[in-house]
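Shown here is one chain on its own, the form predicted alone, set out as structure tokens.
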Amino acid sequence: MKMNCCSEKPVIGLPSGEKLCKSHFTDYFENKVFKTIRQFDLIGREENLGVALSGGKDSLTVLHILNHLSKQNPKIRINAIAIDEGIAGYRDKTLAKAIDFCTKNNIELHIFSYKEEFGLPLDEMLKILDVKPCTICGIFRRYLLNKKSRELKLTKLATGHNLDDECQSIIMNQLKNNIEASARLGPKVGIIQNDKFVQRIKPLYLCMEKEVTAYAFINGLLDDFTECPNVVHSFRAQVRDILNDMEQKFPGTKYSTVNSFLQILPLLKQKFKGGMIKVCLKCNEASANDVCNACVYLERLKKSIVKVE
């Protein structure tokens, strides 16, 4: 039986069947985020907290909520970090939204670009290398976020990853037989703490993507939806479509997948905690190998450019 929360017009239906109006949904969503923060001990009483900001619905939502938290507790300072990968017609639009939001809310925003840091924007890299866009972009993006967060002396870095993102990652790792990668998932990212890594956290961990989208539009954080043009080429997009189809046929599928994963996650972290973190011989950043993936791709880019010349 579907129940409305009150006499006001509902804006969203939950997997449970309950329909919530704008006011009750906003309370429900924010309470879920704060409960996630408490349940998984994501934020301490005093933090120099960074938020990875793309200008999309997820990152704007997490920044909006954490900024409220910062106002309630001045010992939690907020900084935003944006990465300009160099995707024409996409990143320039989302960066404009990020800049506008941070300006209106008096949040310090630090922007770093692939072109400035690596010599080329992503669009140019993809013309040179025959690689999947999301693979190389993800490697460089994670590299820059961690390096710059450390340089800014941030204690933690919050990302906008939601329940759908986590569910997709879990299934992708299963299909690729990459269980060690799953051990690094969870509300707190990583297996072991290391000075070379800034702890990444996911306050939206238990929020479904449709809930995040509704919250962002209802609260005026976003007036349209822009998706990266490269996502259609990704394995993640295929898994996303399968999970969305399953969720439509069997509501609660995504929640069940993530909640069952949380039960085995401590065992996975225990199993893989003995792995050694190396230091890249080229850039001195943390790496699983003698040379990190970012430097491997940068070297490939240099060699390819030399051949062309």
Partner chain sequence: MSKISIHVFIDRQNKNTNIELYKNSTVADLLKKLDINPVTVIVSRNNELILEEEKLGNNDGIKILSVISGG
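Numbering follows the first chain given and starts at 1. In this text, all values refer to a predicted model and were calculated from it rather than measured experimentally.
What comes next is about the form predicted in complex with the partner chain, which is not displayed.
Residue in contact with the partner chain in the model of the complex (any heavy atom within 4.5 Å), chosen from L95, A214, C102, L185: A214. This chain is drawn without the partner chain; in the model of the complex, the residue among V291, A286, L301, V11 with a heavy atom within 4.5 Å of it is V11. Only one segment in the set 205 to 213, 120 to 128, 143 to 151, 175 to 183 has any non-hydrogen atom within 4.5 angstroms of the partner chain in the model of the complex, and it is 205 to 213. Although the partner is absent here, H24 lies well away from the partner chain in the model of the complex, with no heavy atom inside 4.5 Å. The closest non-hydrogen atom of D245 lies within 4.5 Å of the partner chain in the model of the complex. Of the heavy atoms in F235, none are within 4.5 Å of the partner chain in the model of the complex. Although the partner is absent from this view, D58 contacts the partner chain in the model of the complex, with a non-hydrogen atom inside 4.5 angstroms.
Annotation: in the model of the complex, residues K19, Y90 and C228 each come within 4.5 Å of the partner chain through at least one heavy atom.
Contacts of stretch 255 to 270 with the partner chain in the model of the complex, defined by any heavy atom lying within 4.5 Å, are made by none of its residues.
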